[in-house]
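The chain below stands alone, shown as structure tokens; this is the form predicted on its own.
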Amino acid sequence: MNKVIKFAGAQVFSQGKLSQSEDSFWLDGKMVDKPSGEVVEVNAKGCWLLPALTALGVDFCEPARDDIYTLKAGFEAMYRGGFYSALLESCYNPIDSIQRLKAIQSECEKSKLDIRHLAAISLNYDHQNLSEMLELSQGGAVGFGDGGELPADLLFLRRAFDYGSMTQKRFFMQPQEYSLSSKGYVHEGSIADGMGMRAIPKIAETIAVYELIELARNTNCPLHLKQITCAESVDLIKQAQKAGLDVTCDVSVYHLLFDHQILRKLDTNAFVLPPFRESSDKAALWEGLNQGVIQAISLAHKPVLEQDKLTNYESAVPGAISLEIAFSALWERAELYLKDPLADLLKLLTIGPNKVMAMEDSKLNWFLFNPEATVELNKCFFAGQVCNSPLLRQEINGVVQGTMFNGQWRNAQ
């Protein structure tokens, strides 16, 4: 039986705003008036009690690459960041059979978190042989993904959309035309030119966005575009939505924080794909969130070993982790860009991703956030053995103090 939890001095987020600071008592995720039995008291003075978050775009690597990251590390990172729900898709572990889906579901159930899964559109992400999408859909897959690499063969992709449309599950696709981008690793612009770096033009993304939207239109298949990066993509998606197509999209945490100016530091922890674009593109992404064109913020949580980052920029493995720090990194920036900063940011990390996945919002799970606390992001701050974040060794304002998931209180660290 869960104990009553007393949050002393917390402000509770309810009906779109924070309440006045006061003591509140909670049992099984619900506020109660008169507690009975043993009470666990949490010093929450100056803190906010906020709805638990949902993470799109996370890769926990296990089983194929548990030398990099494990499911246990991923679950711990979710607790530290205030995330109760997540959508897993691993480039290392294609869920292309019902056996693989059941195996990973069984492992994730042990976490007591709400973990959902994307199934692969093709066997072993080979982009040649379709997976059994109907069976995977019936087995509980939220939708279907490309493993982070869009098939080059449009005929195969149309076959996949045709078959997948029978399930009415959403296709989660990374818009990237690889014949235009396969040899590049940064944004095509003045900084890349000046530093002699191989670049990826915006049209590598926008051409793919257009193609995917047309396939969705032709097959009547729900579509989600992952990690869009530029203003032109926002415009194309906006037009599709106005035309009545079921097209959603997300933007990653770090694409809201950085633009291609960060290349000047030559920090391989800031090497991600798709690349950071220009400041005008970053502004357009924030405006897309304000307008509702972009429904969710993605975590794009990709662990990379330290030795794969300690090399030349062009030789490094792309990717960054974000689960532990996403909300902390974004909440102050939201003050500059979002109309109703706290409410809108929470929506983009709860209601938005849940709607994309066609799952209900979690109303009984919460996390405690201290907006006044500061922390330096050293290696120990992150779960697992990796710390590949562009914010490593920097100080951030705002810290997740703990979680109340499934009626149980747990300190974040």
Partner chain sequence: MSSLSMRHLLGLRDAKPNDLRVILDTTRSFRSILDRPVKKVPSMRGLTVVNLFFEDSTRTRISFELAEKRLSADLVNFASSGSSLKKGETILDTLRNIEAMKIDLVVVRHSGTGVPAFLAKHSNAIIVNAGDGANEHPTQALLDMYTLEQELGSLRGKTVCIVGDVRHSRVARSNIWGLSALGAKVRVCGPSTLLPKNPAEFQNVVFTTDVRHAVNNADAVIALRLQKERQDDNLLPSLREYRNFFGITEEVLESSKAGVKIMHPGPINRGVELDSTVADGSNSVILEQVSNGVAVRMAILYLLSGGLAHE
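On a predicted model such as this, the values are computed, not experimentally measured, just so you know. Residue numbers count along the first chain shown, from 1.
Heads up, the form predicted in complex with the partner chain isn't pictured, but that's what we're talking about next.
Proximity to the partner chain in the predicted complex, taken as heavy atoms within 4.5 Å, picks out 164-172 from the listed stretches 77-85, 205-213, 268-276, 164-172. For the candidate set K238, R100, R159, H260, a heavy atom within 4.5 Å of the partner chain in the predicted complex is found for exactly one residue, namely R159. With the partner omitted from this view, the residue of L330, L118, L223, M133 that lies near the partner chain in the predicted complex is M133 [heavy atom within 4.5 Å]. The shortest heavy atom separation between S190 and the partner chain in the predicted complex exceeds 4.5 Å. Of the heavy atoms in N124, none are within 4.5 Å of the partner chain in the predicted complex. Shown alone here, S315 lies farther than 4.5 Å from the partner chain in the predicted complex, counting heavy atoms only. Put simply, N290 is far from the partner chain in the predicted complex: not one heavy atom of it is within 4.5 Å.
Across the proposed site, Q307, Q394 and Q413 without exception lack any heavy atom within 4.5 Å of the partner chain in the predicted complex.
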